[in-house]
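Only one chain is given next, in structure tokens, and it is the form predicted alone.
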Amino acid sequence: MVLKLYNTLSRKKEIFKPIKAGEVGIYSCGPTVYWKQHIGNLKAYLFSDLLRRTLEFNGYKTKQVINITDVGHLTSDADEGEDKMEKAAAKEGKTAKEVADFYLKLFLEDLEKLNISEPDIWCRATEHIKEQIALIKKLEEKGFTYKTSDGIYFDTSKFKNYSKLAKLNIEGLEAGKRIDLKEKKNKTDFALWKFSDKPGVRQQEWNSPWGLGFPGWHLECSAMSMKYLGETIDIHTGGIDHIPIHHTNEIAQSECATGKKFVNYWLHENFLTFKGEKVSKSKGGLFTLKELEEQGFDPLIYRYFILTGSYRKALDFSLDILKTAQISYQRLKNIVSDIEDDKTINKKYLEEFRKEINDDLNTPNALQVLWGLVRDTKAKGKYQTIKEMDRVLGLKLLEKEKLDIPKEIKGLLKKRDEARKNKDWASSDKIRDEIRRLGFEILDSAEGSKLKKLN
């Protein structure tokens, strides 16, 4: 069965064909590690994890690379403002590396909680300065750069297909909305290397053929993706906000340096929204994963919630909506916990699932197939089929929950067992009701009584 993916470059679904048979290279834009990642940021990594799992479900061997931006990401897309890492270091009284290490650690903990597998390669911008300088030199030799008082810039007018990914109307682009021209030749030109304003003041600066400074933000992704995945890569992922500037600039500098197509399939995930607008501090709906946990939500509930929507459509978030997802996820887990393994696969349901997930990662429909299977009283091979589906969904559906049973509940259960042994059914029922009131349900079987936590 073929896998179809929506390619931002062509604006249509395409049958996926890798460069090398059976193998897929994936580059995913990673975090700028100057602060905590919020749930809107984490949505992007749930998407790239789903993509990688789907490729592996289809038999591909994957190699995924994710960058860590720890230098060069300025507070403005206009190549102006403070470096986010330098600003955070000054604010916290730490070195830029200490800031990066601390927030990277928090980020990795969030990935683990969300059952997101780490990529094959993490690559930090500060550890690939040599590769970035080499890429600028190549562009310089080919005549694509020019020098201003504050850095080395890429001349976008020399790349005729600059607008192909974002379908930009460059002529109609007002300089003030994208950048202040100053010494730039064109509205869309961008920095490859920025000079240090006052040498020695910045924590992170390096010598280069053009002077002391640091790389532009866009440069790192081109240099590192090509180092680890080759000059043309299969798939590049990121958020839709990266399309008009960051990814457009990646294409320009990469294709001008190599003369080759940079990426075959561009995949972009849409925003997490709150009341119809992108989650933000000013608009609301912005939480860290830890804050959701403090509100009583297991991280896998957030993963389930994300899977209920298409990655290409905005997904509206609220705590009430998440509560609905929590009830649904817990009900699913409860049903699955009672399914016994009969060592067979239900081919009908698995192929239906494959059909949906291979249609541009259609997780809402794939979840419907899963629910259809667990509710089908006549279906065989449920356990192994759910196991296969969960290879893609990553919801830990078959993982048994470790119940933290209070002493009070254990004591009541013991009393109930004694009442049942004495055939005191009235006391037994009364104790059952009390246990239920305290949030647990008793499941009686030939092997004895078990407890299950209520939703």
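These numbers were taken from a predicted model, which means no experiment stands behind them. From 1 onward, residues are counted along the sequence shown.
Missing here is the form predicted together with a small molecule; even so, the following discussion is about that form.
Only one of 140-148, 224-232, 262-270, 124-132 places residue heavy atoms within 4.5 angstroms of the small molecule in the model of the complex, namely 262-270.
Shown without its partner, this chain lists Gln37, Thr62, Thr54, Ser428 as candidates; in the model of the complex, only Gln37 has a non-hydrogen atom within 4.5 angstroms of the small molecule. Distance criterion of 4.5 Å from any heavy atom to the small molecule in the model of the complex singles out Gly238 from the list Gly216, Gly238, Pro299, Pro119. Of the heavy atoms in Cys29, some are within 4.5 Å of the small molecule in the model of the complex. The small molecule in the model of the complex comes within 4.5 Å of a heavy atom belonging to His73. In the model of the complex, the small molecule stays beyond 4.5 Å of every heavy atom belonging to Ala257. By the criterion of a heavy atom within 4.5 Å, His242 is counted among the residues contacting the small molecule in the model of the complex.
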